[in-house]
Each structure stands twice: as C-alpha cells, then as structure tokens.
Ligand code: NAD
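Coming up is one lone chain in structure tokens, specifically the form predicted alone.
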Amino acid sequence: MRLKGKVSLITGAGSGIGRATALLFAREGALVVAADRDAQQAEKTQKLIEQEGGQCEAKCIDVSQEEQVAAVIATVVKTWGQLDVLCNNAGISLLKPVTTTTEAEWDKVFNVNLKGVFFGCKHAIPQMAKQGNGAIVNTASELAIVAQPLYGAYCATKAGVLALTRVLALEWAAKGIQINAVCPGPIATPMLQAEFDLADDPINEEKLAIKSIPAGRLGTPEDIAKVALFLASEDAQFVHGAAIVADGGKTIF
C-alpha cells in the first residue's frame, strides 16, 4: 500500500504500460484517474480496477490539447482536493525516414509525445507546489538516449521529454516535487506489435528485437509499472531528475 490515500492521474491508461501502471497503483492504494483518448479503453481499465476492489475514474483526453489536460487536472483537484502523482505516459510512434516525414506527421508525434508532457507538467505542478509535495513520472524511452533508424521524430520527442524532466526537476525539487523519467526498452505492448506488423515478416522482426536484448525477452508493461511505482512512492523521495532505463540491458553496449 505504498500509494495509500494518493490521487494519481495516468495518461495513456487505456492499454500497455499505462493500463499496467493504473492497475498496480490501484493495488497499492491509490485512487486512479485513468485518462486515454480512447474512452472505451479507459473505461475498460476502470472496470478492471474496480473488479479488484480498487478505485478508478476513467477520463477521455487528448493530451495534445492543452484545454483538455487543464480541465481534467482541474476536475481531479476539485473532486478530491489533491493531485499527488502524475504519470505522463501517453505516446505514439512513427517509423519513417526524416527525409520523407511530412510536417503534419512530425507535428503529430511532437504534439502527443512532448507537448502532452509539457501540458501535464504545466498544469499539475502548481497544485503540487501548493500541497508541498507530489511526484511526476514521465515516460521517455531508451531511444531518448540511443538512436535507431527510422525513429527520427520519436527519438527527438523522447530526448525532449528527458531534457524537460531534468529542467523541471531542478526548478521544483525544493518545493517537494519529485520529477523523474522512466526509459523503457522494447515492451510487449499494442504499439510495439503495430511496429512489428509493419515489417515484411513480423515474427522475424520480433525475434530480431529479442535478440538485441541481453535479458533474452521483451519487457512487459508490468516491468515498467513497477519502476513508475518506485518513482511515485516515498521510497524515491531523494530521487530528482533521474532517467531510469528499463530495457533488459539493451543499451549497455
């Protein structure tokens, strides 16, 4: 019960890492607000949590729209009087050479992956500062640290998330706010599967991905949720501006 009595807002909570994080946080005692652009998937997360006896409220939100992010955070604070944890997890990918990426495609990835994190932090931090405590966990990526062909836009956004995390950690640590990032490697999520499916041989593409991971397997959403739990809990009170890489050793070499 490391999050007992905490109010947590998780974006991208309709699937993958976001859903696993929402479930784990609820099991640890948090009241979870599961936000996702897919209302049905957010509601499914809510039902899964409630079936386990936890508390959850689903919200439909497009994190690329500031007014929606601001409204959800304002509603959370008005309803429960606090916002203790924010997980900026919503994200999308794009596999395409930079030379053929359109401006609209580039902007879409940036609007969700980086601007969405900016909006979340912008509107959550004032409430956390008022409380004198809070934790923000931003989902970056191993590709914030290393490069991979065809991921130009994605790498750029995740590197931006990491840089923003560090700046905000410096600015707000003295106010009792922990702001950190988790950098997942290849995780078995619908988004990664969609990337595999773009290959001529999806099964072989997955095998190649696994071969690149010293641990010998893809990560699970639960692997990342556990890191997010640590960063959101009081166990991480002295952790500020960290980028915890959870990639099965993929970026060691």
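Start at 1 with the first residue shown and count on from there. A quick note: this is a predicted structure, and the numbers were derived from the prediction, not measured.
Note that the form predicted in complex with nicotinamide-adenine-dinucleotide (NAD) isn't included here; everything after this is about it.
Novice: Does nicotinamide-adenine-dinucleotide (NAD) get within 4.5 angstroms of any non-hydrogen atom of Ala199 in the model of the complex?
Specialist: Ala199 lies outside the contact set for nicotinamide-adenine-dinucleotide (NAD).
Novice: Look up in the model of the complex whether Cys155 has a non-hydrogen atom within 4.5 angstroms of nicotinamide-adenine-dinucleotide (NAD), and give yes or no.
Specialist: No, Cys155 sits far enough from nicotinamide-adenine-dinucleotide (NAD) in the model of the complex that none of its heavy atoms falls within 4.5 Å.
Novice: Check Asp38 for me: does it contact nicotinamide-adenine-dinucleotide (NAD) in the model of the complex (non-hydrogen atoms, 4.5 angstroms)?
Specialist: Contact check for Asp38: yes, within 4.5 Å of nicotinamide-adenine-dinucleotide (NAD) in the model of the complex.
Novice: According to a 4.5 angstroms non-hydrogen atom cut-off, is Ser233 in contact with nicotinamide-adenine-dinucleotide (NAD) in the model of the complex?
Specialist: Contact with nicotinamide-adenine-dinucleotide (NAD), no.
Novice: Of Ala225, Leu31, Ile187, Ile49, which residue is found within 4.5 angstroms of nicotinamide-adenine-dinucleotide (NAD) in the model of the complex when only non-hydrogen atoms are counted?
Specialist: The residue in contact is Ile187.
Novice: Each of Ile17, Gly91 and Ser141 having a non-hydrogen atom within 4.5 Å of nicotinamide-adenine-dinucleotide (NAD) in the model of the complex: is that the case here?
Specialist: Checking in the model of the complex: Ile17, Gly91 and Ser141 are all within 4.5 Å of nicotinamide-adenine-dinucleotide (NAD).
Novice: Picking from 178-186, 98-106, 71-79, 124-132, which part of the chain touches nicotinamide-adenine-dinucleotide (NAD) in the model of the complex when contact means heavy atoms within 4.5 Å?
Specialist: That would be stretch 178-186.
Novice: Hey, which residues along 48-67 are within 4.5 angstroms of nicotinamide-adenine-dinucleotide (NAD) in the model of the complex, non-hydrogen atoms only?
Specialist: Those in contact are Ile61, Asp62, Val63, Ser64.
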